[in-house]
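Let's start with one chain on its own, the form predicted on its own, as structure tokens.
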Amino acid sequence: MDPARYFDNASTTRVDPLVWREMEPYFGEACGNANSIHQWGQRAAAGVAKARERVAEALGCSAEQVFWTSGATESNNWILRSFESVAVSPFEHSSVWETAHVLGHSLLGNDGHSLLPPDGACELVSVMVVNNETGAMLALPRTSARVHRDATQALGKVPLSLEGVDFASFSAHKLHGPKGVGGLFAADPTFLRPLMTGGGQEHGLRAGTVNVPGVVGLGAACVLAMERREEALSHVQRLRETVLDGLAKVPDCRINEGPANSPYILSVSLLGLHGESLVLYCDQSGFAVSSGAACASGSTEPSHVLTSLGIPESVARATIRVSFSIENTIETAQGLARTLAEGAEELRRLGP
């Protein structure tokens, strides 16, 4: 399989060989527990400390404000479970949206006006930076409440500021790091409730042996992403334009986006089709795209993000997501556009 033909990078990315190279020793000769006092443990602890500094530099914060988790889903849960009253935007990832529902927090509707509740109505407002389905970039909420931002699709990809932000969550595997590791930025960690007990890790707030290879990989991925961010941003913008040019003459093709968009994600609705059918058609031609967020791939319900935008259910079900990385090429983007156009024509001809 050719990584250049993989256009499902919002779901996960391939671990960069440079990242893997930094991780590899911690599976072998540097195998120690970072809490052990012998030399193996101290080497592991040094790797963890270096990774925390690297992530902090990418975020623009201090290392003491970075906490390790298994990924953004855990980070989002941690934040939402640390406050009694929370309001979340209608466009959040399911790890925010569904957790808010389970906990009885406020699920804000999209009425075309302010998404925010009246000041004083809640302790925390959660509004993501880049939507994982459409790529729409959401503005920092103006509120007296504390602010949480899911920065999973933003870190290392688009300019990210933590000014006015109290908490931010992120995952390594969205920026060519390993799966199963992520983190949480907390401007003031005293507001965090202990997530897990049974050890003193993460200042006593999240017990459990640190995933040393994982956090080392996250740190390396942040360094690599920040070094090539401008180059990658320009490249994926060209990739996005290439696919859009190829779809320009496809009938009944709709692009779902906001006033400001990350070029890393393109949401396309091809009316009269089922998104899953087009995903499978592309797969047979060697291309990977998705019909929505990977975490909801088993759901039979249309995307709550798209329906919150007022998109009819039939259009939401006809939607696919193309997501780019620096590993895609202009040639494969052209090939994907041709495949999407051919697939739309053939599947419409065959009918439901």
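Since the structure is predicted, the reported quantities are computational estimates derived from the model, not experimental observations. All residue numbers refer to positions in the sequence shown, first residue = 1.
One more form of this protein exists, namely the form predicted in complex with a small molecule; it is left out here, but the text below deals with it.
Based on heavy atom distances of at most 4.5 Å to the small molecule in the predicted complex, which listed stretch, 203-211, 149-157, 229-237, 267-275, is the contact stretch?
Only one stretch qualifies here: 149-157.
Looking at the partner-bound form in the predicted complex, is residue 262 within 4.5 Å of the small molecule by any heavy atom?
No, residue 262 is distant from the partner.
Residue 73 near the small molecule in the predicted complex, any heavy atom under 4.5 Å?
Taking the distances in the predicted complex, the answer for residue 73 is yes, it comes within 4.5 Å of the small molecule.
Counting only non-hydrogen atoms and a 4.5 angstroms cut-off, does residue 105 reach the small molecule in the predicted complex?
Judged by the heavy-atom cut-off of 4.5 Å, residue 105 is well away from the small molecule in the predicted complex.
With the cut-off set at 4.5 Å between non-hydrogen atoms, does residue 216 touch the small molecule in the predicted complex?
No.
Exactly one residue in 82, 89, 143, 95 has a non-hydrogen atom within 4.5 Å of the small molecule in the predicted complex; which is it?
The residue in contact is 95.
Among 128, 171 and 174, does every residue place a heavy atom within 4.5 Å of the small molecule in the predicted complex?
The answer is yes; 128, 171 and 174 each reach the small molecule.
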